[in-house]
Each structure stands twice: as structure tokens, then as C-alpha cells.
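A single chain, nothing else alongside it, follows as C-alpha cells in the form predicted on its own.
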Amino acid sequence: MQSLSKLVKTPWFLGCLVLIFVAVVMWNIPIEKRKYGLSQGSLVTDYTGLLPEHIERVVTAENRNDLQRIVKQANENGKKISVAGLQHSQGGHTYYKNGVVLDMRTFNRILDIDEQEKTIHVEAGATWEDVQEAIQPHGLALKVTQSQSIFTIGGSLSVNAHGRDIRFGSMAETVKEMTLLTPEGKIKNVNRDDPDEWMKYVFGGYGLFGVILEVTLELTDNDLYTIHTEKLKTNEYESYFNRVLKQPDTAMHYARVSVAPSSFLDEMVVINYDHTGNKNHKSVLKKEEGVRISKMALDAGRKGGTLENLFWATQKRYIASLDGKEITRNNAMRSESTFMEYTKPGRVEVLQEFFVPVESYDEYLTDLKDIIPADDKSHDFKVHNITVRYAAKDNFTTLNYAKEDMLGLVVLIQHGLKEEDITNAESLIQSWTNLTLEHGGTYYLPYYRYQTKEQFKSSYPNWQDFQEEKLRKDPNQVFQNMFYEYYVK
């Protein structure tokens, strides 16, 4: 008994107990998936759950002929159709009241890979992860994709997503050809020279101009990069980024802005992926790692105040630890996402993205301090993360969020679900949007519609062209969704 008493007082034994305790706590951190989507009975939602709606039925896409028949019947009997993939858009873009939802997730075959031409032909319900797994053995990689690989190709093109690559523009610019099921039930193969300009309206068209069935995407080499990180003051970033843009060796770039009270909107960390001149055809695609540790850190930051200061310090240390490491292009394009899941009852976590011209960035962040509190610990509306990405000028799509070279601020926000909480969130985001417009910017449309219709019209001056072409190409307005009804109809 005496020897046991001595044992428990030894430092190494106490240290082991602490490690075991921490391991047990971390192992038991729940990693839950938010419940949403097409399987919630007669009420469907998307990722926010803020717009529940009754629909008539969900149809799983099996083949072209069935889809064609459904669309033609809808034209005859006045039914409305929406198109859904994984439903990560957040403003009711994938369903409509009493309508039919086409679930495209099973339309996911890889049809062809051309190593010489560096292209892939794939069905639109495939995810970016499906594509990466297919092209990795060929030493190929995507030109543009979102930072996570969990989304469907059709969904990403419908919102005309952009990513971390600073050389290839938006996703729409990487599509060579497309097969489309039109609103009148015709199947058309179109390319960028199409006289009817289908791509101009389908990409960034939020599923309102038909169903994307297949696409041929341009690819590039799966190059090996060196990660380069730096800490900056936010007022140094504008000139820093312009230098990065002129450096041909830098392929990808993004940054994070502090939302911690101690350095709110004053500090940044930047991450560059620089060419090494080498390729790595033997590397494997990385899987999600350290989910529980990342979730524990993020959950601490979600509480605000001192814990958010600690989370920012942890982020800076982690990003600094990446400096000098090598990574393939494919692996740089598949960031972890599971740790971000948030399932607290009575609250919701949403995304917003604001774009401002590169030269307006510094003044914009300075003015933003007057709208968003530095310490949101005691506030219902909390900002957890701001990531900065470059969006090159887009001359191609109609609902165009990059009228010139822009910096996009992707913002992770949490607020309550009581009526007054949602009203408060709307008020703050509308003020944030007005500030963005004053600086020549705009906001992204795949997210929940906190903004007013007037703000939509100011942000997207081509909206009337979009509306008129919608009526020309879809005279019976077969393709409908909550986004269209609120903003455009």
C-alpha cells in the first residue's frame, strides 16, 4: 500500500493520468453530422435548415430518358422542378414549394479521362473527391475547385464556385463542354462557342436553366508545391497580395484574418503554395486527420472572448508549422471539413461571402470594425472565421460576383434561431452588405438570403438580363427554387 502511495505521487505517473484523461475527453468529443436534406419526410431543408418547405416528391436520377420525360411532363402539367446535389447551398436553391426535386447524386459516373488533352468527362452528380480519386493515378489535378472536395460538380458549377488557385479564375472557366437537359426537355451538347450562350446562364444560374448532365473539365498536372506561410498586419496585405500575384512561382494562395478580440481585423496569416518544379505521381490522397483536436479548438473559439484569443493563437502556431512542407496539388485541394460540423440546438452556423476590389481591402476592413463588435462573447451574433481568397475578374457569367479582380471574404457566422436573433443577424449582415457595396463590392448568392432585393439588384446589375433570358429559355418557368422566388421572380 505504501509503495502504491509513493507511485501515485511520482511526476511520470501523474503525467500519464493526465494524458489518459485528455485522451478520453477527446475521444468522446461528438462528431455529429447536421441533419438536413431530402430525407426529412414531406419537409425538406438545405444546409441551414432556415427554409423548411413542403415538396411533392423526390426523384432519384437514373438515366437521361427518365429525366427528359419528367421535364417534358412538367411542361405539360404545370409542375415545378428543382435540382439537388449535396445541398450545401444555403438559401433554398435546391427545392420549391410543392415541387419535384431531382436528386442527382446517383448520376455520378466518370466517363473518360484523356491524359494527352488533360481533360475528364464526368456526370454532374459526382463529387470532386470522385474526380480526384479518378485522376490521381494519371498524375493530373483539377484547375479549380473549392477548398473542400465534398461538393458535387453540378452544384459547384451552378454556383460558379472559385477556389484557392490564383491563376485560373472561376470554375466556369475550366469547363470545355457540357451536356444539358434544357427546360423544354431537350438534351443539348454545348461548348463555349455556343451561339445560344447556355453556359453564360447555367454557370452561376442556380439550377434555373436546366439540368447539367455531364461536363468535360480541363485539368492540369498534379504538381508538388512548397507551403510558404507568413504573419502580417492587415494593412500590409494589399501590397503583399499584389506582389504574390506577380510571382509566377505561386500557384495557390489564401489568408485568414483574426476575429479574436485581442487582434480583431488587425492580424492575418497567409498561406502560399509555390511550385517546386517537381511532380509526385506516387503520393496518395490524404484523408481527414485530427478531426477531434480541430473540433475541440474550433468549439473553444466559438465561445468568443479569451477562448477565441486562444483559438487564434493556436491557428497561427498550426499554420506556421506548415511552413516549408511539401504538398501535392490534389492534396492542397481537399481540406478537412468534418471538424466544422455544428449541431447545437437552437442555434445555426452559416456562411456569407463578401467581395471587394483588391485595392479597397484595407479601407474596407478598417470600416468593418464599426459594424462588427471585436469581442462577441456576450452577443448572439458571432463571427468565428474569415478566410480571404482571390477571385479574378469574370467576363463570362451573367450573375457575376467578380466584375473586377476581387478579394472574397468567406465568413463563418453563428446566431440563434429565435425571431429576434434572426432579425438581428439580418440587420448586421445588411449593414455589412451596404458597406461592401460602398466599397465597390458585392456578395455571394449561394448562401441564406439575409440581404434585401435592393441589395441584390445593386450587387448584380445584370439581373434583368438573367430574368429575361430565364423567361426566354424556360417560358413555362419549369425550373424553380426559393432563391428565384425571393430575388428574381
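On a predicted model such as this, the values are computed, not experimentally measured, just so you know. Start at 1 with the first residue shown and count on from there.
Just so it is clear, the following notes concern the form predicted together with a small molecule, a form of the same protein that is not shown.
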Check all three, G169, F354 and T398, heavy atom within 4.5 Å of the small molecule in the model of the complex: no
The small molecule contact in the model of the complex: Q146, any heavy atom under 4.5 Å: yes
Contact test in the model of the complex: P446 vs the small molecule, heavy atoms, 4.5 Å: yes
N222 within 4.5 Å of the small molecule in the model of the complex, heavy atoms: no
Close approach of Y237 to the small molecule in the model of the complex, 4.5 Å, heavy atom: no
Stretch in contact, per heavy atom within 4.5 angstroms of the small molecule in the model of the complex, of 155-163, 258-266, 413-421, 305-313: 155-163
Proximity to the small molecule in the model of the complex, single hit among R389, K403, H228, H121 (heavy atom within 4.5 Å): R389
Among the candidates L217, M252, V211, V131, the residue which, in the model of the complex, approaches the small molecule to within 4.5 Å (heavy atoms): V211
